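Shown below, as structure tokens, is a lone chain in the form predicted alone; questions about how it binds or moves come after it.
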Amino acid sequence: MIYFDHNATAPLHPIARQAWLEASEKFIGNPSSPHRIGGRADMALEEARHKLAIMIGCLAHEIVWTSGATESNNQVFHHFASTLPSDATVCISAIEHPSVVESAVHYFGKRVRSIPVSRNGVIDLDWLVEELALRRPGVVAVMAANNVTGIIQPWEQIAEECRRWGVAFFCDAVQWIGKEWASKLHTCDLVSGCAHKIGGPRGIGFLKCSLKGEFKPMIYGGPQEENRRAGTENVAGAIALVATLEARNALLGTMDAQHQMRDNFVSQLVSEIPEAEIVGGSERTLWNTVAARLPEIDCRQRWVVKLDKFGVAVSTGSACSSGKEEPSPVLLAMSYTPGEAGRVLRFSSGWETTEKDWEILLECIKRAAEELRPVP
């Protein structure tokens, strides 16, 4: 099976597995325990925190370990709901991950302002600048790169504008870290990330927080993480996350080759299947992601199911008329109709994906297109 769904979760990297196993055997104590075994676990956890902070470009004490990005994202809005005035608004892009959208709506309801995006999937920066000047929201949330389309957002410019107006900026960097350089993320007030999207273990993530003043925890019951997140820390997970990110960062110098494989696939896809459309095709995207609207087919035989039978695992944001899934909110925000969104597939590769894998994917798509074309 050839795997093209890394944006959902990536196969466990051998380095991550080895780091986790070694840490689990070596650091058996609770980091909060007063004995030497606990102290060694605490030292290992702090070393991992320090290494991650260096990679992001922030201070070590700004890193809070969590169970994953979903928890981190919920924690952000819990904090602001506890600290902002009762009439404060928050701005989130229309293409955020559900864990950002739903937590924002849960805590702020109708006070959530949606930042519009273009048909190409990039946020309307002019709209946001005007909003900052007119309403001064309590926090702005825009992801670094979209999980569905791979389209990179202007997060550095957003961070600068938010600083100008004294507004906190939160960036979901789940799809960014391990695929692009993370060293400038320190310019964001809050950053969330996790391990399993880049080949680390599930169940470990982080929140980089450089806010001034008291941080309101979402989970209570202990003084861990400087009273910012109660619960025994996942020492082995944190160590494995850092080891995986170090391994991925060592490959960032080869991004051009990865981009070339993706671009070759895109060029051949639209050449071989003229009806295909690359979502946000003119925009800068992650090297590993292609979202393509494919030809209309009989939805009783979905593209993703046919490709799965051919031995290729891909993702789709819609289940056509099955009733089990709604069209991707990201694509709807980009002004795609539900029918169009139902024909969009996401192909997301990993560092280990080869040029041959991309070639096989293309051949399988062509074969599926022939078999799924409506009968005249």
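Start at 1 and count along the sequence shown; that's the residue number. This is a predicted model, so every value here is computed, not measured.
The next section is about a form of this same protein that is not shown, the form predicted in complex with a small molecule.
- Residues placing heavy atoms within 4.5 Å of the small molecule in the predicted bound form fall in a single listed stretch, namely 173-181, out of 271-279, 256-264, 173-181, 216-224.
- Distance criterion of 4.5 Å from any heavy atom to the small molecule in the predicted bound form singles out S99 from the list Q75, S99, N234, Q153.
- Proximity to the small molecule in the predicted bound form, defined as a heavy atom within 4.5 Å, holds among R248, H196, H79, R228 only for H196.
- The small molecule is not shown here, and in the predicted bound form it never comes within 4.5 Å of any heavy atom of L307.
- Interface membership of A141, defined by any non-hydrogen atom within 4.5 Å of the small molecule in the predicted bound form, is ruled out.
- Although the partner is absent here, N147 sits close enough that one of its heavy atoms falls within 4.5 Å of the small molecule in the predicted bound form.
- The small molecule is not drawn, but in the predicted bound form it has no heavy atom within 4.5 Å of P31.
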